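Before any questions on how it binds or moves, here is one chain, the form predicted alone, in structure tokens.
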Amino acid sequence: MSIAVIYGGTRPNGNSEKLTELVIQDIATEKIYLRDFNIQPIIDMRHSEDGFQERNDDYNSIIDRILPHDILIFSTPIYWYSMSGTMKNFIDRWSQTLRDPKYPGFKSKMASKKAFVIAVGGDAPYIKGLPMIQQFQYIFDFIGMEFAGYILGNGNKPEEVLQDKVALFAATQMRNQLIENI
């Protein structure tokens, strides 16, 4: 089984990235940093005769990279009690891919994957991050993907999450779960 990590943070080596790196340490993964790509916002054309129009950006190259993998890890800081705008923009574009003739069977291909979420925030994330986890659950349910687990961590300043013993323990548990799957 192969793993792709989709990083939604805009700060290199941010807390969500640090926590994710602990989970995947010494595990072969493909790392995709959304901040390094130009992903245009979706223009909703679901009800137009012409349908969605091709966007001149990097989005399809990311889809091409994640489709071969069996496990997807979504790593995001918690911004305003939700996933980062970068991550949300990427997921919003799935609506377009669901109807894109270049990606036949996109939904069924995504449904064959397991998904994990790792998120870190600084304002009571163990409670206030739960609506975001529920949002991911709804996304995964819609696409048919198995939601295999999540970690919420507490951290605001650089590397602060490394002081969160609960998140560090959860990272060890998720790491063990991933190792069992590969």
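Residues carry their position along the shown sequence, with the first being 1. The shown structure was predicted, so the numbers you read here are calculated from the model rather than taken from an experiment.
Heads up, the form predicted together with a further copy of the same chain isn't pictured, but that's what we're talking about next.
K.L.:
Counting non-hydrogen atoms within 4.5 angstroms of a further copy of the same chain in the model of the complex, say which of His69, Lys128, Lys114, Lys31 makes the cut.
P.N.:
When a further copy of the same chain is considered in the model of the complex, the option within 4.5 Å is Lys128.
K.L.:
Taking a further copy of the same chain as it sits in the model of the complex, is Gln25 in contact with it (heavy atom to heavy atom, 4.5 Å or less)?
P.N.:
Although a further copy of the same chain is absent here, Gln25 would stay clear of it in the model of the complex, with no heavy atoms inside 4.5 Å.
K.L.:
Given that the partner is absent here, does Leu162 sit within 4.5 Å of a further copy of the same chain in the model of the complex, heavy atoms only?
P.N.:
Residue-level check for Leu162: no, no contact with a further copy of the same chain.
K.L.:
Should Asp64 be counted as a contact of a further copy of the same chain in the model of the complex, where contact means heavy atoms within 4.5 Å?
P.N.:
Asp64: no, not in contact with a further copy of the same chain in the model of the complex.
K.L.:
Could you tell me if Gln173 has a non-hydrogen atom within 4.5 Å of a further copy of the same chain in the model of the complex?
P.N.:
Within the cut-off, so yes.
K.L.:
Taking a further copy of the same chain as it sits in the model of the complex, which residues of 65 to 94 have a non-hydrogen atom within 4.5 Å of it? Please list them.
P.N.:
If the 4.5 Å heavy-atom criterion is applied to a further copy of the same chain in the model of the complex, 65 to 94 yields Tyr79, Trp80, Tyr81, Ser82, Met83, Ser84, Gly85, Thr86, Lys88, Asn89, Ile91, Asp92, Trp94.
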